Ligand code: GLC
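Below you'll find only one chain, the form predicted on its own, shown as structure tokens.
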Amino acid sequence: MILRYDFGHPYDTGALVEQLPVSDGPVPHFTVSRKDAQVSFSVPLGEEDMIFGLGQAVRGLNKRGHRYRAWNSDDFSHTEDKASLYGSHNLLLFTGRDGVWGAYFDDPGAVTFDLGYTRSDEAVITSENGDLSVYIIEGDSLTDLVKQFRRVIGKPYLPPKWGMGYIQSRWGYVTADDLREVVRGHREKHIPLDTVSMDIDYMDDFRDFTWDAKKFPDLKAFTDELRADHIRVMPIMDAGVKLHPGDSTFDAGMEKGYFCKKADGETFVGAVWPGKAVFPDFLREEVRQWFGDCYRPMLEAGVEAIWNDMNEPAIFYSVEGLQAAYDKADSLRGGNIGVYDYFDLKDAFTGMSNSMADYRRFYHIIGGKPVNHEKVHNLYGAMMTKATAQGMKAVRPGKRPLLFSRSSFIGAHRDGGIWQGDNFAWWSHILLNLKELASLNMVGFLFNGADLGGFGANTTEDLVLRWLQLGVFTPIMRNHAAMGTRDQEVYRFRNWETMRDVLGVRYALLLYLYSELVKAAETDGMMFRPLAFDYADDEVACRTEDQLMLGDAAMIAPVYEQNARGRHVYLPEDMLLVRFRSAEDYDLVPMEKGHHWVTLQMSEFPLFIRRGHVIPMAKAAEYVAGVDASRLTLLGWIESDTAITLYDDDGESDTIDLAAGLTEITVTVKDGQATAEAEGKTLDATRIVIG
């Protein structure tokens, strides 16, 4: 059951697809208080209570004990003290002495979540604007809460099947020849690859929807060339449009009045990569339609994938902010600058980026009326994603585009995926990658992943290898790095063959992973879950933060520590350890419920399969279209007959028919041997442990 309570004048954020009636009376669980425009919701916490949710956020799966703020932020340093990242996903799931229940705060402005930070025995959620709808979710389990919430926010975006193939990306691929070299490096060494991705370097002077003609003299011929080798091209797109009279996008947007304006009616000017830029008012449908259609030339030239960036929106400085910094410098010029003046001078320049003063300077038109950006800030990136999705579908109707974005709000999960942002080559960010997988699944973003190997800082060979081993299971599997950092393409490392074997496991498991993704999306389920969702009565499982359930049959537990040759694993039930070295070389080790030290050399990584379950695996391939779905090996540990369902389709049609796409695989045990049958498939059951 979900109940809705309104406060102030809520905006229609588009987060929900099912409109619920407004309830009267007090809000269950919470004590509500008001101070000026703010509305706060407080609830006592028992000693053992846990809080899940918030989607993209730092720290644990259990969010209790920290303070968070829903304010989409361009902050590349994902350290534990950060209150905000790129998305706002305001769902909380409580479990403890009062049972299980959830709350969603549908507010596009700033919301703070003090989850036992100020007082360890109290959670306080504060809407800073006071205009919001609060949805209270009552249910029987954490899984039930998620299913109810997911039902009212709508089915998630699903990528084309090839979009789950390996993506190689870098800020620094400048020309068509740079990309050809990347493709050649993979294909010559038979390293799997499906997509090459480009940062801003391909543009002409960082102008949206342009390609530098010297770097890419014939885009259509280039995409055709790579497509013949089963490679797609994925360019980046930024929210800020360069202030450049003569640029077709700028000129059209100015003529139509489609850019955000200040209170005096003048166009707001900020700065990003091209310098001075203007910002489309994505909260208007006509602007989204226009911006989406701007993608048409590159899509018609063969581009089939887009990633959106800088759409919080990120602002390096505004005209006003830059002038204020200059004024501060002038006021101190020639004087004896003491410590506090020094701090003021430094802050005047470093504080220009993404400043609250700038976000208050411009407006959107909503329902024909101007609304200050601060009130609806967290919707901006989601509406850019919607515009992009509309444009891509218009060019290729009936087909699923590959699309993911940096900034997001609930509702954007229906239009595209998200990558977890500009992380670092830190071991701790492997663990953050793992935790965000599950938290983002709770709020509908099933198609997500992190920059494998780390975006910022110089990576190491062992870090890339261990991160790829986790990436085998993440829906987005992309290696991406920043300009000026060490090259981290697989073929550049001494142990590239070991990394190639890891990627081979991804492609061998891709049919299974794709099936689990689609089934979770279509049934309002989670592809990844904290152990607490499946083993609510197991205290150790509930407190386990570095393992996740994968689908109905499996559990993942990556190695995320430098120089480790194994890790501790807690099994909440009997499971089969699959210790992978490649898609052809692996051990099967039955393990009983309990605590275990699992030895894992650098070339080895684990997958755990629940006893009584099996999963299918194909042969490794160098691209998704090369995966043979007709010949499968089954892995598992069973005692008696069992069955599994595997979903498959053409990989591109945007209409999903779950029932029509399911194949039942039956496994029969007789005289200590397993045999398997499924229509149209050759099945090898010799890797099933009986007992």
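Residue numbers here begin at 1 and follow the sequence given. Quick caveat: nothing in here was measured; it's all calculated off a predicted structure.
Below, we refer to the form predicted together with the named molecule, which is not included among the displayed structures.
A.B. asks: For the interface check, one of 494 to 502, 249 to 257, 184 to 192, 417 to 425 should have non-hydrogen atoms within 4.5 Å of the named molecule in the predicted complex; which one?
C.D. replies: Checking each option against the 4.5 Å cut-off leaves 417 to 425.
A.B. asks: So, in the predicted complex, is residue 128 in contact with the named molecule at a 4.5 angstroms heavy atom limit?
C.D. replies: Taking the distances in the predicted complex, the answer for residue 128 is no, it never comes within 4.5 Å of the named molecule.
A.B. asks: Look up in the predicted complex whether residue 588 has a non-hydrogen atom within 4.5 angstroms of the named molecule, and give yes or no.
C.D. replies: Residue 588: no contact with the named molecule in the predicted complex.
A.B. asks: Residue-level contact is defined here as any heavy atom of the residue lying within 4.5 Å of the named molecule in the predicted complex; does residue 413 satisfy this criterion?
C.D. replies: Because no heavy atom of residue 413 falls inside 4.5 Å of the named molecule in the predicted complex, the answer is no.
A.B. asks: Answer with yes or no whether residue 480 is in contact with the named molecule in the predicted complex, where contact means some heavy atom within 4.5 Å.
C.D. replies: Yes, residue 480 sits close enough to the named molecule in the predicted complex that at least one of its heavy atoms falls within 4.5 Å.
A.B. asks: Report the residue, out of 489, 309, 358, 604, that has at least one non-hydrogen atom within 4.5 angstroms of the named molecule in the predicted complex.
C.D. replies: Of 489, 309, 358, 604, the residue with a heavy atom within 4.5 Å of the named molecule in the predicted complex is 309.
A.B. asks: Between the options 546, 281, 199, 516, which residue brings a heavy atom to within 4.5 Å of the named molecule in the predicted complex?
C.D. replies: For this set of options, the contacting one is 199.
A.B. asks: Any residue of 142 to 173 with a heavy atom within 4.5 Å of the named molecule in the predicted complex counts; write them all down in order.
C.D. replies: Going through 142 to 173 in order - heavy atoms within 4.5 Å of the named molecule in the predicted complex - there is one hit, 171.
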